[in-house]
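A lone chain, given as structure tokens: the form predicted on its own.
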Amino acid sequence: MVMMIWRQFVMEWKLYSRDRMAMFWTFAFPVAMLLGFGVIFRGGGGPKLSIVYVEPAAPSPRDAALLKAMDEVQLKVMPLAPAEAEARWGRGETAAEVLADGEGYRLRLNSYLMAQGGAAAGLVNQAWLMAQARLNGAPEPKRIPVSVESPGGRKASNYAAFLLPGLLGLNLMSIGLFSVGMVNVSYREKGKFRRLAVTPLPKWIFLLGQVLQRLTISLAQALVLMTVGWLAFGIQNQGSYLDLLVVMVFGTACFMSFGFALSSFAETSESYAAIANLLFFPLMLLSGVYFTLDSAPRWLQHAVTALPLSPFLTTLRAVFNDGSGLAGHGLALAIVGAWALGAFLLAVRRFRWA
């Protein structure tokens, strides 16, 4: 029996290794995403806020004071001539710009980029108060001290550290929905299941072989990403590797169960792709893979916590980035486990060889 499981496991790996496109999307693409975004946002937890400064015809001490203050509040200032600034605004590339207006200044915000522009405008106003105080010889307004750290106060405080667990979760979901689900639909569509049904191979060994092979893919992919993160950005797991493994197994079980369950609703690969993408893209965009939903409505923030990917990523980041144990994440793991159990029971009930 053990030998049959081993042979099925090896056969699944041989079939998978022949698909170079699958190998690329599983191993190379996540590494490219981590390196790309990690280098772009290496200096902190995301893009630095920027402001276009429309250069006046005759710069004054007031302008110099404002520029200095904006630099001190960590704004990325882009000085542009009026014509160039207007052309950039017309192309929709500017979130916020500040320009001289009489004895003061005027802020212009792009209505389509209010998240960035509004935050930049707040910093400009803070800088202007500082500049006015200096020009008038008055005491400067006291600023609240700012410290940048991860929620658990550990070393992982840059965007690459935030992104790495997100990519791990996203790729677990990809393996479950596409590598597992798509393969099973393809087997059924091409008649492979019918041929397997008349062989001595038990159904559970066939399914177990797939589960074990995908689990090793997930662990290998996680090892590759963590190694690249450590070498390129100095990112290290801050928690217990056993806790990290437990969380990864929970996620793998959940998303593989999703793949098996969804594959029972499709007759062709094309129809399965539509079903899987209907689930994949909302989860990817709403669950905090690349960014948080701080600016989203509260009802949406609460709603996504009931979906499997969001609580999984919250727990994974807590363990990996902040060294948290699993004790405080029982509800999140219970949500992931409930989805896994429900999808697995549905998959078993609907599984068929033909």
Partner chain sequence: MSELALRIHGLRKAFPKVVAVAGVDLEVARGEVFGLLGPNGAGKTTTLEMIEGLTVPDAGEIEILGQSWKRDGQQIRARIGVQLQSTSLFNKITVREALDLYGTYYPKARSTAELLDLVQLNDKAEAYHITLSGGQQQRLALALALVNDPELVFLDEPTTGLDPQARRGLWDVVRRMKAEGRTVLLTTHYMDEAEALCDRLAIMDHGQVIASGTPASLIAQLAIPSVVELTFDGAAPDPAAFSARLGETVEHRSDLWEIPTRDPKGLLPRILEIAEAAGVPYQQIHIRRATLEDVFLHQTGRSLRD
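Residue numbers count along the first chain shown, from 1. Bear in mind that the values here come from a model prediction, so they are computed numbers and not experimental data.
Below: the form predicted together with its partner chain, not depicted.
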* To do: Answer yes or no: in the predicted complex, does its partner chain come within 4.5 Å of a heavy atom in every one of Leu35, Val39 and Trp230?
  => no
* Is there a heavy atom of Arg88 lying 4.5 Å or less from a heavy atom of its partner chain in the predicted complex? -> no
* **its partner chain contact in the predicted complex: Val198, any heavy atom under 4.5 Å** => yes
* Would you please decide whether Tyr159 lies within 4.5 angstroms of its partner chain in the predicted complex, comparing each non-hydrogen atom pair? => no
* To do: Classify Leu333 as contacting or not contacting its partner chain in the predicted complex by the rule of any non-hydrogen atom within 4.5 angstroms, answering yes or no.
  => no
* To do: Would you point out which of 264-272, 187-195, 251-259, 160-168 contains residues with a non-hydrogen atom within 4.5 Å of its partner chain in the predicted complex?
  => 187-195
* Among Ala338, Leu15, Met23, Leu345, which has any heavy atom within 4.5 Å of its partner chain in the predicted complex? -> Leu15
* **Listed residue that, although its partner chain is not shown, lies within 4.5 Å of it in the predicted complex (heavy atoms), from Phe280, Phe178, Phe206, Tyr105** => Phe206
* Asked: If you look in the predicted complex, which residues in 1-39 sit within 4.5 Å of its partner chain (heavy atoms)?
  -> Met4, Arg7, Gln8, Met11, Lys14, Leu15, Arg18
